[in-house]
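Single chain ahead, by itself, as structure tokens, in the form predicted on its own.
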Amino acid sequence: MMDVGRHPRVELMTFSEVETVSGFVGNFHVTVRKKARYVDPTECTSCEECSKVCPVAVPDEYQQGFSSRKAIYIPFPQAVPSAFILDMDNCLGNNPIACGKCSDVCEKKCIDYDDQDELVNIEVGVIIAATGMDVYDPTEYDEYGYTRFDNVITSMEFERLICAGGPTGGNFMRPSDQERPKRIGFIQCVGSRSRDGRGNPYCSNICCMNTVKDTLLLCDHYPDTESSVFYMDIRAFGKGFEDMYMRSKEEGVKYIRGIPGEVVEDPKTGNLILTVENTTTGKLEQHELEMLVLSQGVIPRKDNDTIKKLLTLSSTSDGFIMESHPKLKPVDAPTKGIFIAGCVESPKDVKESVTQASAAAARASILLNAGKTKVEAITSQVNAELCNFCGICATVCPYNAILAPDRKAKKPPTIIQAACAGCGACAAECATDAITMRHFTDDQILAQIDAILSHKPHEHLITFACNWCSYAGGDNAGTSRLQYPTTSRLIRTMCSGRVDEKFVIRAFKMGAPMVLVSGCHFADCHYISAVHWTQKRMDRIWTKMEKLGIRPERLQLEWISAAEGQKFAKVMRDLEETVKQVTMEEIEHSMKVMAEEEIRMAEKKAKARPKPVAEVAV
């Protein structure tokens, strides 16, 4: 960080946060709030005189609350700039001045109680999101006694206690009596791989090897320490990790396959008694320890929702930011010009984070050096003659790629081609068919429907499949050689949000017994929120089908991810049975009423379009 601060071509803005982000690839406008430090960093020499006289003491966040800091302090030893900062929430010297001691002793007079936040506007071509992650709070695992027993700590707290720069100056001791513990236990997967309503179902990646490293650290510095690790299974999959794990076992660390069910404290000694079922021996065991370390998992940043809104990003079901493609574009976000690195994308160790950061920097430099970007030919375009200036397209667009129309000035919406990702939700919602999606036009998709149902339509299941998830799920089922009926006919769209109501009506008009619309899961939508519009549109169609006397069950909506080949095959098998139950009378009735509905919709759209201005003869 200090090297970054000294780099001539890097502007490091610490103690700041991004307020707004607008624009598109190559033309991002970013507003940054530089928070008031109340100490001029260019004048401060870090003499510590101000801190010495400060009467306020609060828990030190950097030391995990094991020590205190003053209201005027340096956040951590390697902070850039190396200058003090004033915590105005705890300071006594403002509104009104009741203290002011730090200002009195400052020879440089660099303390200003009236300092204000500053908004800075910057123009950038690309953005790299590397906002990191947070750690899980194990308080809800009440059986471990965290916060109830002084000697139950987290792995983060353990790191501070054993660190030479920690609150004890490198003298490892337990919190209750400041004595060095000689029997230490580690419980793995606290907050990870949990499906009981607490914690998270995913593996946090770093916990196992962090514990192995901690046990080796204890063996090196305190050879007489007995370490016991309680685990489900050790995941040592990185380079050299298995050797490190085996070395830990050779040093005498005990690895007990089983997670403790209960932890109680001996009130006389402060020791902890664990009850655990050793699944290797099949016996119930008790272990008396002097300190217990909870190996806590990692979680997405708590402000990830804000980050997603600022940068127009998607997230996976576990809350981490979704990449454009897990194999082909692992550091690209779905929004052009945004790249991701580190734990914002998934839990990972330092080596993986550095590797991904290098890849993100390389991708960003390629785009910047090119000077221009190529846009895939699937973007939308507006026919100004058909637009009625309703503005629904701008509301629907998940990428803010459509500038809203101006009804007074008769100015149609403008589509920023560089920002458009081609989901097609705008085209599906447009009431006048004024928006066309290149290579996925209404005429092309309707022609596919007509061609599929031109011969024995009652035998075919029309399936609209999202390119990124359900269509890929079909590929997965095929490559896995999973068996499912051949009656399904897939029509690929970039997103399920592209499926227009008139596509479903045309399919039923042509004699389809059933229609399936399939897309990404709500939390995994490649186009952020486009799948929500799919759900709303399907709800409208189901309501209309009931009014027209058509069973809503004949229109199905399924969420299938690219990895769910098994689910794709199962859905197709289940729907095949439903297709067989649709009678010819039902099909004939739906063909008749949907033909009439198609005419009504066409007339409705024609009325919604602006009337052409009559030409005046000269």
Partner chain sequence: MAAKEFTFRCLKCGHEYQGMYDAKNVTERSCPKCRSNSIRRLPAGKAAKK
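Heads up, when I say rigid core I mean the largest set of C-alphas that superpose within 1.5 Å between the two forms. Positions refer to the first chain, counted from 1. All figures in this text were calculated on a predicted structure; none of them were measured in a lab.
Here the subject shifts to the form predicted in complex with the partner chain, a form of this protein not shown in this document.
Checklist entry - Which pick from 301, 521, 108, 492 sits with a heavy atom within 4.5 Å of the partner chain in the predicted bound form? => result It is 521.
Checklist entry - in the predicted bound form, which of the listed residues (556, 67, 46, 27) lies with a heavy atom within 4.5 Å of the partner chain? => result None of the others qualify; the residue that does is 556.
Next on the checklist: Residue-level contact is defined here as any heavy atom of the residue lying within 4.5 Å of the partner chain in the predicted bound form; does residue 177 satisfy this criterion?
Outcome noted: Contact check for residue 177: no, nothing within 4.5 Å of the partner chain in the predicted bound form.
Next on the checklist: Contact with the partner chain in the predicted bound form for residue 546, defined as at least one heavy atom pair within 4.5 Å: yes or no?
Outcome noted: Heavy-atom contact with the partner chain at 4.5 Å: present for residue 546.
Checklist entry - Looking in the predicted bound form, any heavy atom of residue 143 within 4.5 Å of the partner chain? => result Taking the distances in the predicted bound form, the answer for residue 143 is no, it never comes within 4.5 Å of the partner chain.
Checklist entry - Is residue 535 close enough to touch the partner chain in the predicted bound form, meaning at least one heavy atom pair within 4.5 Å? => result Flag for residue 535 set to yes.
Checklist entry - Which single stretch, out of 559 to 567, 46 to 54, 31 to 39, 589 to 597, brings residue heavy atoms within 4.5 Å of the partner chain in the predicted bound form? => result Contact-bearing stretch, as computed: 559 to 567.
Checklist entry - Does the trio 539, 542 and 574 actually contact the partner chain in the predicted bound form, every residue with a heavy atom within 4.5 Å? => result Yes, because 539, 542 and 574 each have a heavy atom that approaches the partner chain to within 4.5 Å in the predicted bound form.
Checklist entry - Does residue 550 count as moved between the shown form and the other one, where moved means a C-alpha shift of 2 angstroms or more after fitting the rigid core? => result Shift of 2 Å or more: no.
Item to check | Core-superposed C-alpha of residue 39 shifting 2 Å or more between the shown form and the other one | outcome: Result for residue 39: no, shift under 2 Å.
Checklist entry - If we fit on the core, is the Cα of residue 54 displaced 2 Å or more between the shown form and the other one? => result No, the C-alpha position differs by under 2 Å between the shown form and the other one.
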